[in-house]
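Given as structure tokens, the chain that follows is alone and in the form predicted alone.
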Amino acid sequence: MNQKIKYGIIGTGLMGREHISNINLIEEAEIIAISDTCENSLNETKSLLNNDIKIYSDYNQIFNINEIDAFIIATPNFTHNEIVKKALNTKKHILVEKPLCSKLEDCMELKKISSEYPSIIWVAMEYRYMPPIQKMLEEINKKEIGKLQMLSIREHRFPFLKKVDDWNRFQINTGGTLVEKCCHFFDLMRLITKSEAVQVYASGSQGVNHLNEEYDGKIPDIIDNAFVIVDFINGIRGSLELCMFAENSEMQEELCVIGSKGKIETGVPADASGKDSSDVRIGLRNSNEPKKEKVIVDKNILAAGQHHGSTYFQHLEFIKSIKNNLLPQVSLNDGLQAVAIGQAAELSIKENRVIKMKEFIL
């Protein structure tokens, strides 16, 4: 399969445009159609594409283009379930943005009805593909730090960006911050531990952001800071520290994984820092000389989005899977499990208790 992969994009907001900018860098791919219900989003996207692109305000029309090989669904969270179900009728490859759905029951429905789907369904967990995290995963798999015991992830970042119709200001649309934003981190925890969560405890609040905003008489209800502890079946414990009013950070994400023989740590530079590299550091208990490796990302790839090059590298893997008839690297079950942990964390905050995952997934 040597021809270019032809994409159709549903949703041309910030994330949809990031996908477009990265696909534009890949010789093996091209975009032949886009769709969005928002005219302003479509107009902002036109400059990224050639003039003969097909443009639709009704996403149902894009499903009728037989030439499309793969659809990207980058619409608001609460629309994913409906749009994915319609995309399944095409039998084409599908890449759906995280979170898979805003509600766990919708994720479970999609998993059930697509069990015999003949093409790839891939959940866009971009953080897996950030180069320093990829290097960290590679080193972990070499088992140099021994048997894994615990891991921690810290994200200090800016508040949620403005979206069309301000949909991301309310839990009913997003699933809550720990679903919308942090499904990335719960996915990484599962990937690193190679295990499933057994229980979750979280503490968080809406402390600073969006308190003075009002939309149709409603005040935003999304939290902006939290600590989350996740216990896994194999005994490894994970922690997440989230703060969304900490823009002036050199590293937006910092990760540390500790084993019986030592630890490995890395960070992902904040966009505003201007850095194109970060270190992956391994410190062993019996050595005073840590091993360091610098991971550099091409500036052209960095400029194509806000996820430290990960969207570009994710598309390379997605295209490789299509061309070689491989299984998706991020399955519907991966998307479902990440939403489940996030939903459990949101409930833990509301009810101030430990949430057993068996309450969510049987």
Ligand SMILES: NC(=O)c1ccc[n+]([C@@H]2O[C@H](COP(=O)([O-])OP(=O)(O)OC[C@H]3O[C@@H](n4cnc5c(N)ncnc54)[C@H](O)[C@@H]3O)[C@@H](O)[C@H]2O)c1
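It should be emphasised that the depicted structure is a prediction, and the values quoted were computed from it without experimental measurement. Sequential numbering from 1, following the sequence displayed.
There is also a form predicted together with the ligand; it is not shown, and the following applies to it.
Contact annotation: of the candidates I229, V164, V208, L191, the single residue with a non-hydrogen atom within 4.5 angstroms of the ligand in the model of the complex is V164. In summary, among the residues C182, C107, A124, L151, the only one with a non-hydrogen atom within 4.5 Å of the ligand in the model of the complex is A124. Using a 4.5 angstroms limit between non-hydrogen atoms, G342 is distant from the ligand in the model of the complex.
Taking the partner from the other structure, the ligand in the model of the complex has a heavy atom within 4.5 Å of a heavy atom of C38. Using a 4.5 Å cutoff between non-hydrogen atoms, L14 counts as a contact of the ligand in the model of the complex. In the model of the complex, I10 approaches the ligand with a heavy atom inside 4.5 Å. Checking 196 to 204, 68 to 76, 233 to 241, 109 to 117 against the ligand in the model of the complex, the stretch whose residues place heavy atoms within 4.5 Å of it is 68 to 76.
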